[in-house]
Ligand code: GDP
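Consider the single chain below, provided in structure tokens and representing the form predicted alone.
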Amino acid sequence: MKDNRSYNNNKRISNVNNLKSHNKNLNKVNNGVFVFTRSLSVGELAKQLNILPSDIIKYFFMNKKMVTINQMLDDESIGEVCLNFGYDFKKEKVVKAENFEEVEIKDKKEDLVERPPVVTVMGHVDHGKTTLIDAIRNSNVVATEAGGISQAIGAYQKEVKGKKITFIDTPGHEAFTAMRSRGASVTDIVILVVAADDGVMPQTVEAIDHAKAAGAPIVVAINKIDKEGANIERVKNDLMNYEIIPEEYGGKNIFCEISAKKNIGIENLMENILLLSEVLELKANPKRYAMGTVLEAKLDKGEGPKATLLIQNGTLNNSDYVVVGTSYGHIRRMVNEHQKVMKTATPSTPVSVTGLNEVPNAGDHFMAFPTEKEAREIAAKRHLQREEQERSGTAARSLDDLYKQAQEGEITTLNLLIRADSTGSVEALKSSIMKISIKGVKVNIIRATAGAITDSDIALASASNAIIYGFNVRPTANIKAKAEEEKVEIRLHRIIYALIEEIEGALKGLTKPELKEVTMGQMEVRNLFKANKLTIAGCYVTEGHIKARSKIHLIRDGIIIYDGELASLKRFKDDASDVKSGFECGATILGYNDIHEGDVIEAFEMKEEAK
């Protein structure tokens, strides 16, 4: 039987073959430009530029610098030599085949075709996100969901006026913040659903943060306009506080008024999505092997490992060999959301595939390959690489990593989440941080709010490779554990200028923080007693241990309200030098009596960090 597929194996370009030829041509002069990938010795550079080593040595000598033929030159010195001998220069990053998500694909203009926009639906729980998808698809997704709340990412395609749109329905409940961040990472356009009768809610703000972190344009769908109590102007005004400004007010955000339940305004919303996608000029090359992202994955009892893939570039065939995260396989079966078997899937198409050797992780990248051998070898290398990363610690950025990267000239953007005790502190911190100006480095504040550090902050920091800075706040034991699990660094400060100096120093690569606050233990105030105008706190040590005369923070609802020192520490009627976790004690704070039941007393020490 003749194969009528548009893009069969012989016609498609291999991404990795393109990468290999690219890396092979590095460290060569091409059209007067010397391209290099690493530091070079004087002798190596002379050979590449086809000049004598003595000419380079002489050049540096005339500029009062002594070098030898075997001396390694840094990027700046290589650039100086190139310019002096009539060449332009460019440093390129070598990407290994197993790091295929880092491949910079350069397609010919004639191979690029228009692709459907990938639209993510976000918003607060019960504001009508899945009902909107339901109305768009003319289906009944909500009825199949537990309690009417989305439990996993669903991906669907819809044809509007002859053009396809791919929709990703992300769960809106707080418990699925991490899953929502995955949806934002693959999207072109975000539809932010806000109920007209409920207004902006906590998860509405989280959705805005995730959309901004992903750099995706936001279209606001004001839903439930038919309900009693609907206040469209209030929604618009509230959203303007988060820099989501309607076009009618001079902003860049499209606002559509809809009722998903009664199918009002849906057509207008779709037309605006198509209009925006035309402005974005979304294109891809179907004439290459597919690349994309895993939206969801599970182990199916009947079919084995099963993954929902979103093709972002290229064409996926139902017989391709694929590497998905650290797994690989030969696609046995490929279906769309209607369970219809597909032979090929082009850019922006979501498909469910079977045939993998193990279950990948949601958020993993995938790539198709011409042969099983190539796929198996690259999957094995990726597996080893992931194991090494897990052994070496964090995948998220820490301040020490930042220091090393700044020393090597690698760092370009630092993502920060700010949590402070008040809105005034938040504004002061934002203002001070945005004044940091260092060449080649951009500081990006992806969230800055008042209040204690939350699970949502950890999820967003993990998804955005960010560092959390807490000012006059303290994370709970559960939050600390979550941060450790997600490999997210939390830096805590009490003085604004110290926080700014720490960031600035790390970015400049000049210094690392010398003093670090180390928590020794925490105890919870369970009873209060009055004696001779003193307030004695009856406490229970919940973690670590508390020493007499310790420096302490008094914490109420996650916010530090007082810094001081323990005046006394007793077990029953006797003075105690140290009380360990799981034991009760009595304590007073030197010169301070405004202690409440439920407060947390945190003991800490300042320790010097080795440079």
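Throughout, we count residues from 1 along the sequence that is shown. Model, not experiment: these values are computed from the prediction.
Missing here is the form predicted in complex with guanosine-5'-diphosphate; even so, the following discussion is about that form.
Contact annotation for the candidate site: V125, G128 and S259 all lie close to guanosine-5'-diphosphate in the model of the complex (heavy atom within 4.5 Å). Using a 4.5 Å cutoff between non-hydrogen atoms, K227 counts as a contact of guanosine-5'-diphosphate in the model of the complex. With a 4.5 Å cutoff on heavy atoms, T349 does not count as touching guanosine-5'-diphosphate in the model of the complex; it lies far away. Looking at T204, you'd find every heavy atom of it more than 4.5 angstroms from guanosine-5'-diphosphate in the model of the complex. In the model of the complex, guanosine-5'-diphosphate stays beyond 4.5 Å of every heavy atom belonging to S464. From the list 72-80, 464-472, 260-268, 419-427, the contact stretch for guanosine-5'-diphosphate in the model of the complex under a 4.5 Å heavy atom rule is 260-268. Exactly one listed residue, out of Q522, T120, T315, N223, brings a non-hydrogen atom to within 4.5 Å of guanosine-5'-diphosphate in the model of the complex: N223.
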